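Take a look at this single chain, the form predicted on its own, given in structure tokens.
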Amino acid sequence: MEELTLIARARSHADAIALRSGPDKRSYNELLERSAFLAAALLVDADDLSEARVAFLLPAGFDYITVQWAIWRAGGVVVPLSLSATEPELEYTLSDSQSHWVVASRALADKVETLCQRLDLRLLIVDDIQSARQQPRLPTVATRRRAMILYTSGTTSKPKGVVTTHANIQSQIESLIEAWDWQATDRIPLFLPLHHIHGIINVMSCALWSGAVIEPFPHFHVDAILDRVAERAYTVFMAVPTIYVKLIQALESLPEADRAGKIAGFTGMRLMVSGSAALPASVHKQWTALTGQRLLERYGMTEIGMALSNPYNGERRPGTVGQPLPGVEIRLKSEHGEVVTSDGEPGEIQVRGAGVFGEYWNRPEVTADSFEEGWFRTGDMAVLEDGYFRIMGRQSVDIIKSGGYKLSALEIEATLLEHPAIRECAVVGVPDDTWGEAVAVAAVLRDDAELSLESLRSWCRDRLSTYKIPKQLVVVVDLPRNAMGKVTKPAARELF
């Protein structure tokens, strides 16, 4: 029986350690055995899940990996759920993806139990699934089949499901393995969200493909990470710019004696990567001055995996995202519809390659509009400067990049308009040293209503993920509009 390459590679790593958390260690063989039995539990009496969607709500670690692999080995499509998602957000993802089952840990089951009852979905508690004694029979899964749906914010009010096949995922992994020289001797912490391509592909999947060791954390805890860095626990480190800002602040606040060992731990790593948002050149220079490490900045998105990267061996230029990765083609298209051929001329980044997704789930018109002559239109503007690409920003004013997340201003506005005090609002991203961009809202209130930022944030906590909640609020009599009556976002941003 031919296996998916990721599974076949895990067999070649056999008894090597795949996961380490304190004294607990898990081997690649344990991942294979447990995922096979979980796959059998999902199949029940079926021969193949035939691309049925299976959502799961699990923290980083052994259960997350084995459930992901189990769904793939049973022929299903994984739909990772955000640990910080609110009930309305989870309901949207489960409904839109038409998920058949939800797999959760016992500790997180309360977040989805009521939803599963209301949507008539089967809820499986991973802790309760016992391993069978016999090796189960599993289907052969072709690489052309759908493998994963990740939800990404766009210029519509609701996130879209990005569908990738096993072949897309394999291409994304192989490109990074080659570009960043992943080895079985590598060790990496995993604290990035696992409903996001950065954590799933760049960290977890590349490490497992290589036979490396992952050390999972439930979330980014600066003191715990710094302690392990001081112990020389890692060879590779990947984070978003916000985390590097927090690390700089934490290191600079330490007494000199405590700081030295932690800085030495960073200095000794072979590779440190920043992505998911623009890395300010000032932060790049600060990190180099503090640790001696030149951060490798790259560019990618949910629909394409990684597309551009500063070189592993070679000059890493602050403020740029480097050159096309192996197997990736890039072109810039000017606003006049011409392919850009000159340095310094801006254009939209368009991408082609085996790693590029094929469709938005159940949105054929949006999918068709997102491609031009086989090239995916990213909506990001860039210029080429002496062989290196520099990102200029989004074409759409309704996309906010905050803390490594790409957020839809329209989605946040739709939620805020449900607030009893808000009659109209405009959500924008404003520059922020820590977050890159902070979510800010200009609001017109109903008659005699009052609203503070604190009360608004409190109201949002049950309705929006933490990273979508506004960090700034300004109350205005009217929103700025153009002659056609449309809110002008650049002018709204000036209110802050």
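What you are looking at is a predicted structure, and each value in this text was computed from that prediction instead of being measured. Residues carry their position along the shown sequence, with the first being 1.
Keep in mind that the form predicted together with ligand AMP is missing from the display, and what follows is about it.
Colleague: Could you work out which of 384, 213, 278, 421 is the residue within 4.5 angstroms of ligand AMP in the model of the complex, going by heavy atoms?
Modeller: The residue in contact is 278.
Colleague: Let me know the one among 301, 129, 204, 109 whose heavy atoms come within 4.5 Å of ligand AMP in the model of the complex, would you?
Modeller: The option sitting close enough to the partner is 301.
Colleague: Given the stretches 399 to 407, 284 to 292, 137 to 145, 257 to 265, which is the single one in contact with ligand AMP in the model of the complex, using a heavy atom cutoff of 4.5 Å?
Modeller: Stretch 399 to 407 is the one.
Colleague: Can you tell me if residue 391 lies within 4.5 angstroms of ligand AMP in the model of the complex, counting non-hydrogen atoms only?
Modeller: Contact check for residue 391: yes, within 4.5 Å of ligand AMP in the model of the complex.
Colleague: Does residue 102 make contact with ligand AMP in the model of the complex, using a 4.5 Å heavy atom cut-off?
Modeller: No, residue 102 stays farther than 4.5 Å from ligand AMP in the model of the complex.
Colleague: Is residue 89 one of the residues lying within 4.5 Å of ligand AMP in the model of the complex, judged by heavy atom distances?
Modeller: No - in the model of the complex, heavy atoms of residue 89 and ligand AMP never come within 4.5 Å of each other.
Colleague: Contact with ligand AMP in the model of the complex for residue 82, defined as at least one heavy atom pair within 4.5 Å: yes or no?
Modeller: Contact with ligand AMP, no.
Colleague: 3, 39 and 168: each with a heavy atom within 4.5 Å of ligand AMP in the model of the complex?
Modeller: Not one of the three qualifies.
Colleague: May I ask you to list the residues of 366 to 384 that have any heavy atom within 4.5 angstroms of ligand AMP in the model of the complex, in sequence order?
Modeller: The stretch touches the partner through 380 alone.
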